[in-house]
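Given as structure tokens, the chain that follows is alone and in the form predicted alone.
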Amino acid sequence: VQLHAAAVEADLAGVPLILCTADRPPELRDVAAPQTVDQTHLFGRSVRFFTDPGVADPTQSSTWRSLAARTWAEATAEWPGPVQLNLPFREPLVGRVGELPPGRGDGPWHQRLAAGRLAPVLDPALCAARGVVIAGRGTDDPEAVATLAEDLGWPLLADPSSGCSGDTSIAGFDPLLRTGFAERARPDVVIRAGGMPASKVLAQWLDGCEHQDLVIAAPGWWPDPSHTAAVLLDAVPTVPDDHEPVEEWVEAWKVAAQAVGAAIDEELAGVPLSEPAVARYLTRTLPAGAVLVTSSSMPVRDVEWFGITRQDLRVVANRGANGIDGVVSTAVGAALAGAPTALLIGDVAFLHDSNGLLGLADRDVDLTIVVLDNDGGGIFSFLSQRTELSTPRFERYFGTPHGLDLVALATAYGVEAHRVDAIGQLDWRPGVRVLVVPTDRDDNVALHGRLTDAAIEAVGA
């Protein structure tokens, strides 16, 4: 508490100041324990950054240097000021100095560079390395990021909602990285723009690669959940004029991705109304200039993993907190902008925002809502709970079947609605309608497994 005046002065004067506040452990807070004050955000808006990493845990030591480096970077940013690092301790309050986790050896763990200092980052040696560019939500300049990947001659692995698409885009990178190609294509450098895509396989692959990690993010945003970024850039860097891309590197990615894509098409031909097939069909057939809104949970993943990459199709999604609230209303808002619009949504998310249909029939918009109806929360069938719990228990707490007639529900709002029994019925046309595609959760899990097997057979284990 006594440090508050110093925090205020440092804030208003722009003086870098790191306030390390010792605290009681979480279990002693809010239980009337003696000498325990609420120190969470103790200095309010006076600090540039606040964090409470919890009681020190040796199993998390790999994040300690990242924490210290970020604290320093936040305090010494373009507009410097105070930061609060709240550090709880448990008794006994004595200890011995131990070994620090290994550092980089050639500088700070994180380095944040302003736009005017970008030129030294992409030096010729870095550009000549085997690298990949990854684009996720919050990519500020998607066209520049796509151009960067092309200039470097590196594959671009992009979340469709990032807006990044170019000549080096790799469609279906998630199934590709489930194959032996992932081991053969480990990068030396990774440049990430914005947040990470939805693919957990991509994140695990990066965790297993020894690489230099550069992140492009707007000032004040720190999208580095892996704590590995060596450099954070405020703007998209450029490539030296004399750089000559190694075409064999990106070409190997393209050939492998094409083989996986062909294998996926062949497997999905037998199940044309499956959830992956619907995502692939919509991204392939929506008209040029259309907008595809994807709901969180499985739809956004199926579009990322199995969709067709197109520069004339805009994909949008609510990926801030990855929630399923308000998705129908989001699609209505997108359609009001005038472009042909489609929404790919699960049944539970559809029910969460069914009131978004209110008055929709009278709006002058072109919106096709495709509902994947597997009678519950399909993503949970991919988790360990599905096999570890009894079916009744799983269904009650995770599957959450609703048993509702979604066609009747949409019709009650005055919206044209149909149950789909052929993939061609998903073809986009003007007007407003709801198309319900019946699927099965367990069958969907099995199909994803077969698609992975097909990808492995196409390019090798």
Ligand SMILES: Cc1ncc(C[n+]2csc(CCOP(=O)(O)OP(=O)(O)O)c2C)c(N)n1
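Note that residue numbering follows the sequence shown and begins at 1. All figures in this text were calculated on a predicted structure; none of them were measured in a lab. Definition used throughout: the rigid core is the maximal C-alpha set that superposes within 1.5 Å between two forms.
As for the form predicted together with the ligand, it is not shown, yet the points below apply to it.
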**OP:** Using heavy atoms only and a 4.5 Å cut-off, determine which of 263, 308, 128, 324 is in contact with the ligand in the predicted complex.
**Re:** 324
Subject >> in the predicted complex, the one of 281, 380, 253, 222 near the ligand [non-hydrogen atom within 4.5 angstroms] >> reply: 380
Original post:
in the predicted complex, which of the stretches 296-304, 358-366, 85-93, 151-159 has residues with heavy atoms within 4.5 Å of the ligand?
Top reply: 296-304
**OP:** Give a yes/no on whether residue 259 approaches the ligand to within 4.5 Å in the predicted complex, heavy atoms considered.
**Re:** no
**OP:** Would you please decide whether residue 349 lies within 4.5 angstroms of the ligand in the predicted complex, comparing each non-hydrogen atom pair?
**Re:** yes
**OP:** Classify residue 376 as contacting or not contacting the ligand in the predicted complex by the rule of any non-hydrogen atom within 4.5 angstroms, answering yes or no.
**Re:** yes
Original post:
For the stretch 131-155, which residues lie within 4.5 Å of the ligand in the predicted complex by non-hydrogen atom distance?
Top reply: none
Original post:
Once the two forms are fit on the core, has residue 453 moved its CA by at least 2 Å between the shown form and the other one?
Top reply: no
**OP:** Return yes or no for residue 9: a CA shift of at least 2 Å between the shown form and the other one, with the rigid core superposed?
**Re:** yes
